[in-house]
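Just the one chain here, laid out as structure tokens, in the form predicted on its own.
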């Protein structure tokens, strides 16, 4: 996507870039401050073995130094327990003096305030638009609403369970619906984070932590997945006009914020009941606007990448208020 938008980024945003490092479990630590050709990177990503050059950096800090990175894109897998290693990667990038952009929800839930404050101290940006609803501007949306108070929200934030429930409504068992979602590439081989509600709970916690300024912990969210729903229950609910959805909810109370993730029957005429396939939906309740809704219709494979790219523009674009 960066290559596809290279001309537009330069002409409209004043952003010129080069790739100076890539690190992954399979490729190791690859760094060249002079720049690495994008086609070479694509070839490395598609090859079965690509040993890093010798001598190679040994850890993330040495790699950042070797690459002379100005921006780090962090896209490791979610660790619901402590957010690692993403937390350490982002911390190292900010200490190095680079903007840190992530698609990983873990650091938001487990270390948001520390990383936010470190970024401010270093004069850099810590951005994470792709963590909820792919590249839809959820967090940056509220940047356009200064001095507003978010009272609560509800929505459907996990597309995998939405697809599984739809397939169960069409007659498949839970196991067969999950298998079909995996074949479609929507569900992971191990989909437990989705079907047990962890992914939705982490997204809920991220929205609460950032937008409601309340550092909720995952155990504080009443979490229940869809694993126990039977095909008959799901089909009967749809027949009666009250389809099941895995719903995320949060509301501000006198003692803080209450939150839940659980299967709920939703009246078929409500907007949330009509969210189908891999689509997502969130409805915000604020003290000024009683209801603001965002819907993402069946995003393609570039949606998450776009969120990362948009954060790059926010961090370094010529039109950014905090251009570095």
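Numbering follows the first chain given and starts at 1. From a predicted model like this one, the values you see are computed outputs, not experimental measurements.
Unshown form predicted together with a further copy of the same chain; subsequent notes refer to it.
Engineer: Report whether the minimum heavy atom distance between residue 119 and a further copy of the same chain in the predicted bound form is within 4.5 Å.
Structural biologist: Yes, residue 119 lies within 4.5 Å of a further copy of the same chain in the predicted bound form.
Engineer: Considering non-hydrogen atoms and a 4.5 Å limit, does a further copy of the same chain approach residue 62 in the predicted bound form?
Structural biologist: No, residue 62 sits far enough from a further copy of the same chain in the predicted bound form that none of its heavy atoms falls within 4.5 Å.
Engineer: So in the predicted bound form, does any heavy atom of residue 14 sit within 4.5 Å of a further copy of the same chain?
Structural biologist: Residue-level check for residue 14: no, no contact with a further copy of the same chain.
Engineer: At 4.5 Å between heavy atoms, is residue 149 in contact with a further copy of the same chain in the predicted bound form?
Structural biologist: The answer is yes: residue 149 has a heavy atom within 4.5 Å of a further copy of the same chain.
Engineer: Please identify the residue among 277, 256, 271, 45 with any heavy atom within 4.5 Å of a further copy of the same chain in the predicted bound form.
Structural biologist: Of 277, 256, 271, 45, the residue with a heavy atom within 4.5 Å of a further copy of the same chain in the predicted bound form is 271.
Engineer: Among the candidate residues 229, 172, 145, 75, which is the single one with a non-hydrogen atom no more than 4.5 Å from a further copy of the same chain in the predicted bound form?
Structural biologist: Selected option: 145.
Engineer: Could you tell me which stretch in 79 to 87, 215 to 223, 173 to 181, 126 to 134 has residues with non-hydrogen atoms within 4.5 Å of a further copy of the same chain in the predicted bound form?
Structural biologist: Going by heavy atoms within 4.5 Å, the stretch is 126 to 134.
Engineer: At 4.5 angstroms, heavy atoms only, are 1, 8 and 290 all close to a further copy of the same chain in the predicted bound form?
Structural biologist: The answer is yes: all three residues contact the partner (heavy atom, 4.5 Å cut-off).
Engineer: From first to last in sequence, which residues of 183 to 204 have any non-hydrogen atom within 4.5 angstroms of a further copy of the same chain in the predicted bound form?
Structural biologist: None of them.
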